[in-house]
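Here you get one chain, nothing else, as C-alpha cells; it is the form predicted on its own.
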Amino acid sequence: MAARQMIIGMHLGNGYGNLPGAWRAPSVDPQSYTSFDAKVRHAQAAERGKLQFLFLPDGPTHVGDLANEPPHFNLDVMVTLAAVARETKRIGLVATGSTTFNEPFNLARQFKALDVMSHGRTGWNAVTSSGEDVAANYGRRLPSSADRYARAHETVQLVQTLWGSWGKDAWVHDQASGRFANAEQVAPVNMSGKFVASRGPLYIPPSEQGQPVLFHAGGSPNALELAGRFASGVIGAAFTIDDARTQRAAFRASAERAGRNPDEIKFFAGLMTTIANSRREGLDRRITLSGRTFTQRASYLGQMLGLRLDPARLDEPLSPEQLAGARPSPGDPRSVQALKIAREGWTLRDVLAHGVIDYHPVIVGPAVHAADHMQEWFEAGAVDGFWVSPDIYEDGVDAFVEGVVPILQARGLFHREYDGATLRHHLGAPTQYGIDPRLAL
C-alpha cells in the first residue's frame, strides 16, 4: 500500500494576503483587490506546487477598519473562481456559499455550472451565516442556530437532488438525429421542506466528477452533524495537536454515525505562513507591514497572559517578575504558545510579530520550520492536511511552493504530481451523483 500523504489547500482571499498591511508591501500592486489577473496568478502559483485545492471564504459584509485595510474577501467568490477555472487545469476550486440567505436552486445552478466549466474541480463550502450584520444586508434578522442548521440540512439535500435531476446519460447531443437530450432522464424533483423548496429540474449535465464536492467549516455540535452527513472536507481551526486530533476524531465519528466510512471525511487545519531565510527576517517583514496594529494588540496579549502590559514598552521583553506571574488564559488556546514565545526572551513587538494572537498557528522563518510543523501534526493523526494562508500572496505563495513543498515531497509526505484531474479524486472522495443513497431515507 502507498504511504498516506497529506492534502494541502491554499486560502485565496482579497488579492493581497492574510497579514494586516499586506496591501502596502512593495511587491504588491495596491489595486490587486479588484484584479482578477492577480487572483489567477496566485492560483497558478499554487497549482505549480501541486496543491490540491484553493479555498475561498466569503462574508457579504464589512465591519472592519476600511480606512486602513481592505475587506478580507473576494469581490465575488464565484466570479473569481470562474476566472481561475479558465486559467488552471488541475487544482480544486472550493467556494463558500451560505445556506441561510441563498436559495437552493441558485446555489445548485452556480456551483454545478462552475463544476462543468472547471471539468470537475469544484467544491461547495456549505455553511450557515452567523452575523447580524450579514443578515441586515439581506433585510433580515439572523435566525436561531437550530433554524439555521435545519435549513442547512434541507438546503444541502435539495441542492444535491437538483444536481442529480439531469440524469448521468441524459445529454445525447446527437446532431445527426437531432436528439439533444433524453427527456425521460431529466425530471423535476418537487421537493419541499419547512424552509426550502424547488420544483426543478436543474438543466445542467454532470461534470467529469459528477457533481461538486461538499465542504463545511465549523466546530459546533450542529456543524459536526452537518459535516458528518454530507461533507468530504472540513475547514478547521486548531492551535494544538491534541485539539486538532480531537476535532478530527469527532468529525470521523459523526460520519460513521451517518452510515459513512470515516475515511470519506478529511480534516484540514489552518496554517499561516511567513517564509523567510531566518526568523528575524520574517519577524521584520511582519513588523514592517502590520506593526501599527501592535499597540492595540498588546492589550489583548496582556489579557491572554493575565498581565497588564504597557504599549509604550513594546521594544522590551517581559521582565522576570512578569514571566513568573504570567498565566495562560484557559479560555484562549493561543495563550500557551504566546507564553512560550515570550519566555524565549523576545521583545513584546517580536512576540506579537510571531502571530500569537492570529486566528491560526503561524510559522515565521525558514521553510523547514513549516514543513516540520506540518509533518508533526500529520504523523500524529491530527489532520489529513492543511489549508495554508500566506502572509502576502504576491511572493508568499511562491515561497511556500518553492520552499516548503519540496521538503514535504522529499520526506514522502506530499505528492510530486497530480495523478487525477478532479477535486473528488484529489480528496479520495467516493463517486456521488445526486443525494447520497445511504442518506436518502
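No experiment lies behind these values; they were computed from the predicted model shown. Quick note: we count residues from 1 along the sequence shown, nothing fancier.
Quick note: we don't show the form predicted together with another copy of the chain, though the next part is all about it.
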Notebook entry, point to check: Okay, which stretch from 86-94, 319-327, 214-222, 261-269 lines another copy of the chain in the predicted complex, with non-hydrogen atoms inside 4.5 Å?
Noted result: 86-94
Notebook entry, point to check: Are V40, N102 and Q110 jointly within 4.5 Å of another copy of the chain in the predicted complex, each by at least one heavy atom?
Noted result: yes
Next item on the list: Would you mind picking the one in A45, V28, L56, V405 that has a heavy atom within 4.5 Å of another copy of the chain in the predicted complex?
Entry: V28
Notebook entry, point to check: Here the chain is shown alone; which of A367, A82, I357, L307 has a heavy atom within 4.5 Å of another copy of the chain in the predicted complex?
Noted result: A82
Check: Hey, in the predicted complex, does R140 get a heavy atom within 4.5 angstroms of another copy of the chain?
Finding: yes
Item checked: Close approach of T293 to another copy of the chain in the predicted complex, 4.5 Å, heavy atom -> no
Check: Using 4.5 Å between non-hydrogen atoms, is E69 touching another copy of the chain in the predicted complex?
Finding: yes
Check: Is W166 one of the residues lying within 4.5 Å of another copy of the chain in the predicted complex, judged by heavy atom distances?
Finding: yes
Check: Who in 148-175 is close to another copy of the chain in the predicted complex, meaning a heavy atom within 4.5 Å?
Finding: W166, W171, H173, D174, Q175
